[in-house]
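Just the one chain here, the form predicted alone, laid out as C-alpha cells.
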C-alpha cells in the first residue's frame, strides 16, 4: 500500500512520456493556475473566519443556543448539541472543540456523546466548502446550494440522533 502513490506517479509520467507531453511545463502551468485559485480563495475565507469570530464574540451563539435548545429537544436532538449544530456549518475546528467538551462532560458512550460524534462526523463545514467550490466562478449564486446544504445537514442531524436513540 505504501507503494501505491509512487506507482501512480510513475504511471502518470510514463503515460505523459508516451503521449509526448512536456511534463515539467504542464506541471508548472498547473501550479500557476493553482496559485491563482488559492489567491482567489483568500477573501472568501477571510470573510468566513471573521463571521465565525463575530458569531462567538457577539454572544449571538449563546443567545441562539438558548433560543433553539427547546426546539432541538422537541425534534430529538439533545439540547447539549445545539451549539455544535450551530457552529459546524461555519467552523470545523470550532465544532471539534465543542465535540471535545461534550465528550469530556457526558462521555463518548452516552447518548449525547454518540449523537455528538455522529452529527460531527456526518456533516461538513458548509460555508468553508462553498467558499472553496464557488471561489473560481464569475457568477456566484450561492443562496440555493447553501440553503439546500443547511436543510439537509439539519435533517441528517435529526435522523442521526434518532438512530443513536434506537441503537
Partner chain sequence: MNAIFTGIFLASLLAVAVISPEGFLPALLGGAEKSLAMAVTLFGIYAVWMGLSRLAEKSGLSGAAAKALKPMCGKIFRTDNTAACEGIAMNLACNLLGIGGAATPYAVKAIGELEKDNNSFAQKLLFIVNATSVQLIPTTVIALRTSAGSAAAADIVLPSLICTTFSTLFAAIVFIFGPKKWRC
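Residue numbers count along the first chain shown, from 1. All of these numbers come straight from a predicted model, not from anything done at the bench.
The discussion below concerns the form predicted in complex with its partner chain, not included here.
Proximity of residue 65 to its partner chain in the predicted bound form falls outside the 4.5 Å heavy atom cutoff. Using a 4.5 angstroms threshold between heavy atoms, residue 124 counts as touching its partner chain in the predicted bound form.
Using a 4.5 angstroms limit between non-hydrogen atoms, residue 26 touches its partner chain in the predicted bound form. The closest heavy atom approach of residue 3 to its partner chain in the predicted bound form falls outside 4.5 Å. Residues 49, 50, 51, 53, 54, 55, 57, 58, 59, 60, 63 are the members of 49-78 with a non-hydrogen atom no more than 4.5 angstroms from its partner chain in the predicted bound form.
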